[in-house]
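To begin, one chain is listed below as structure tokens, in the form predicted on its own.
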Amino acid sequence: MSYEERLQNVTVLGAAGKMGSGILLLTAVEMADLMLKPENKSKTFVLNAVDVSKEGLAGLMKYLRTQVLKVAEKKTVPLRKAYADRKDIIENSEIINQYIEDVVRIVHPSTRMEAAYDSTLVFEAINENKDLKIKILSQIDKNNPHKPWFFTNTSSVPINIIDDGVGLDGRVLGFHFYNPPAVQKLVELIVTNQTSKDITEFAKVYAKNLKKVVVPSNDVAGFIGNGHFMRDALHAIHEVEKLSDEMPFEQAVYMINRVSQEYLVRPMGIFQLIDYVGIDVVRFIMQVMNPYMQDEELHSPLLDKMISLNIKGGQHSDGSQKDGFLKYEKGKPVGIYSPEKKEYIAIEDFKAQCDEKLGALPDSVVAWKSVVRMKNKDEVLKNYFNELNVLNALGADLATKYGKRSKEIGKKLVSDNVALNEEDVNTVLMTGFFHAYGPINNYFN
């Protein structure tokens, strides 16, 4: 079966979700572009958008139209060529509208799993529950005569568990998009010893056509991205717990969050990142990963406590940030939750006091937004971290300790044979998490 044939009937499971909607958008555009080729214009392309929520599917179709408009506006020249035989559409606006209709026409929203029974390719983007994944994929595979290929978007469940649980004999691989899929360039590609070479080669072509950066990961729970993030988060939590012996909890969270962002030159603080992903999601990923870890415990009683108090973070349906460890107003942190007081404490009430305890940053400090654009980024960062590492201040000490731990985590991913090499670890953190530099570096020794 050729690349085009494989993409003539596709299903996205969990299509109305945050990840599924992005996967659906990318695939719909790729399928439409294939359909518009002269040799394919007589062929039928179907993309089943399957989700349990009718309301979610209705919102998905609105999202699809909005996003395809943006896609079309960026490629009017190739679209004009694609529609060259259409004498009824001349203006750019007509070409754009026709493309939107062609993309949307491919998509068939459905709440019924049976829609996937004719597909030759199935993207799975449901929640991180291995039993549910196995149950749903088994149902499809049992009723689908085409022996479909499955791309699971799991960020933590080992692929061999899914393969063996369903009995796919290598017809599944991990194709982990980063959030949001339509924007993020990174994809982690996870295969097992059983994975078919054909499905792997198809995945690489598909990723190339989507202009994604592909990083291979070995089939170890959490893979590279969550393998680093979960341990990074636990380090931050442990540091907060230590500082909480000397100061109120909310002040400790503020200090570690600021250190992990400003001192380490990252796009956001670690507790903001936990809130963005969702406190409940982070804990769940740790629970998925933990049974497969031989020499460590990926668990945090603090996360348990926050969830028991119904403090979960995550995002609203419009993409705005929900309150978690931090309280947000117009996307900016304005308070920090105190589990003891069961309320948010305004950051302005203690910011000056905490900043004084942390101490001044080196004069050479540079903001993340600025440094990522610099051609001499490595030189600038090296100079900054050299100054930070010898600075006699609490903030500098916490940052240096954090940087060393982050590097240690990265190296362990290589030594544990999760990542193939150090460069892959750095690529995941720089591309998938937008870090200005990789954790395995010469800044912290």
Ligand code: CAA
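Note that residue numbering begins at 1 and tracks the sequence as displayed. Only the largest set of C-alpha atoms that superpose within 1.5 Å between the two forms is called the rigid core. If you're wondering where the values come from, they're calculated on a predicted model, not measured in any experiment.
The same protein also has a form predicted together with the ligand, omitted here; what follows describes it.
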Would all three of Val259, Leu381 and Asn386 be in contact with the ligand in the predicted complex, where contact means some heavy atom lies within 4.5 Å? no
In contact with the ligand in the predicted complex (heavy atoms, 4.5 Å), from 350 to 358, 231 to 239, 266 to 274, 93 to 101, is stretch 266 to 274
Wondering, does Trp368 line up within 4.5 Å of the ligand in the predicted complex on heavy atoms? yes
Touches the ligand in the predicted complex: Gly432 (any heavy atom, 4.5 Å): yes
The ligand contact at Asn40 in the predicted complex, heavy atom, 4.5 Å: no
Quick one: is Thr400 in contact with the ligand in the predicted complex, heavy atoms, 4.5 Å cut-off? no
Using a 4.5 Å heavy atom cut-off, which residue among Asn179, Asn290, Thr76, Thr111 comes into contact with the ligand in the predicted complex? Asn179
Tell me, out of Gln184, Thr120, Gln321, Ser300, which residue has a non-hydrogen atom within 4.5 angstroms of the ligand in the predicted complex. Gln184
Taking the ligand in the predicted complex, which residues along 41 to 71 bring a heavy atom to within 4.5 Å of it? Tyr63, Gln67, Lys70
If I superpose the two forms on their rigid core, does the C-alpha of Gln184 end up displaced by 2 Å or more between the shown form and the other one? yes
Aligning on the rigid core, do we see the C-alpha of Val71 shift 2 angstroms or more between the shown form and the other one? yes
